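Okay, here we've got a single chain as structure tokens, the form predicted on its own, with questions on binding and movement later.
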Amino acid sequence: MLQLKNTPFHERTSALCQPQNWRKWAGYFVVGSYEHTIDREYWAIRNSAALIDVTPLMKYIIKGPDAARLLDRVTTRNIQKMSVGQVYYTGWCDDEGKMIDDGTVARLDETTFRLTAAEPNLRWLTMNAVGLDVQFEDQTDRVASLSLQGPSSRSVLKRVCESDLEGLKYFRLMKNKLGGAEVTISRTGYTGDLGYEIWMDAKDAIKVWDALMEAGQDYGITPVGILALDMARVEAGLFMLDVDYTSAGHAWIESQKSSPFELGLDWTVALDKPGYFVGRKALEREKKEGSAWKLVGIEIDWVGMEKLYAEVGMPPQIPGTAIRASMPILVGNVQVGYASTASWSPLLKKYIALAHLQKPYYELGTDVRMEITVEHQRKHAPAKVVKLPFYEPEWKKK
């Protein structure tokens, strides 16, 4: 029987979690929400500063003379081009060009990298490292991680960091001291807002948490759980493994698999890099022939949906959290795809969804209909294919 673990921040998070609303994530318990409604947590992400425990991310140190060669072989990005202190977002594929997982690669020094992933990938990495001079270290349990997100996140960090981080650019990292603890800070996140991720030894977790909470008091810093994060990442057009796509390693049938092109990750596939990488031939073929499916944004027409509820004498009923469920998408009376996550956007005042659509229906501006349930009856609300992300503030990359 799997024994779920607590993160190094549990002493603080458990005391603050009013509804005792917990979620399972990669073998850990993490907070679903700290309050009985998630409104304040969501608005902390968009208006002030949100502190999120992201420790369950898998964290692998890959080092040695051939570390860059290995990562170049197994990911779709051109790792050889990375500078020390740079972070790449990337996916990695099987031989058929279908996604196994996605995460970040950070170049810590010339021969040392950190790979983050949603699920265990050590066996797969080791299998691809045959003949290469490279060593692996699974730091998942030893390194604690916090995500500090929101427009005020930089101001909070500047108050508590020993070294100036004003020059830390988007998708770059630096070493620093925070609350007396040695940390690495990367300008990354999963909210689509200005934000940072802070990496530290597990023994320093409470010290860093307390320092950030104290420094952020004047900025409305708020501990935030997975439910509010889910709404923000949908607005940012960011997909999730096992929710919006299935790992090629777990899929039962071929149609459950997705390529980087199908997931909108064209910009991460470096077909111009030299040499072989896993899935290259299949991805070159798909690039030439086009993708059968695409992950797109769907905006549901509020007036059209309102009419469906009005027929039974009700106002629209929209859940207060993101819906992780498959909802059929139709054109006419033919199903052409499905939404995998839908959410009300408090900021945009729109009902939005991430959806997988077949060619040619994934083109921007295409009119579609999404299945909703109105008083136990299946109805179809009018919707339109729109550009992702739904929301991207101007200060995100500044």
Partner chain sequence: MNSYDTIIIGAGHNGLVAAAYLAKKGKKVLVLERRDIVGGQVVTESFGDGFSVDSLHAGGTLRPDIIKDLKLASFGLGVDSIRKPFISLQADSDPLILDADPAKAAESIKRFSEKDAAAWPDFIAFMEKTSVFIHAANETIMPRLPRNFSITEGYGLAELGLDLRLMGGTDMMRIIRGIPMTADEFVDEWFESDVVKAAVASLGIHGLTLGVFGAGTGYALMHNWANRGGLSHLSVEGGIGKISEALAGAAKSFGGEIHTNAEVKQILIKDMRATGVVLSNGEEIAASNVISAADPKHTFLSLVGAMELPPEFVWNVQSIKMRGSVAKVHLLTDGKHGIPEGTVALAPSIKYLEKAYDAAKYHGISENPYLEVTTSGEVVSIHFQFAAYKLKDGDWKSEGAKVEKIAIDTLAEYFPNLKSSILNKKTLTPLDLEQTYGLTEGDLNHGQLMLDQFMFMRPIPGWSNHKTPIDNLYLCGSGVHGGGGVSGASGRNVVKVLK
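Remember, it's a predicted structure, so these values are computed and weren't measured experimentally. Residue numbers count along the first chain shown, from 1.
What comes next is about the form predicted together with the partner chain, which is not displayed.
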task: Tell me whether Lys158, Arg233 and Lys397, taken together, all sit within 4.5 Å of the partner chain in the predicted complex, counting heavy atoms only.
output: no
- request: Name the residue from Asp266, Glu110, Asp95, Glu214 that puts a heavy atom within 4.5 Å of the partner chain in the predicted complex.
  value: Asp95
query: Of Leu227, Met174, Met327, Val278, which one comes within 4.5 Å of the partner chain in the predicted complex, counting heavy atoms only?
result: Val278
statement: Of the candidate stretches 316 to 324, 298 to 306, 193 to 201, 116 to 124, the one with residues having heavy atoms within 4.5 Å of the partner chain in the predicted complex is 116 to 124
- request: Spell out, yes or no, whether the shortest heavy atom distance between Arg46 and the partner chain in the predicted complex is within 4.5 Å.
  value: no
query: Though only this chain appears here, would Leu132 touch the partner chain in the predicted complex if you measure heavy atom gaps against 4.5 Å?
result: yes
- prompt: Heavy atoms within 4.5 Å of the partner chain in the predicted complex: does Arg73 have any?
  reply: yes
- prompt: Is there a heavy atom of Asn128 no more than 4.5 Å from a heavy atom of the partner chain in the predicted complex?
  reply: yes
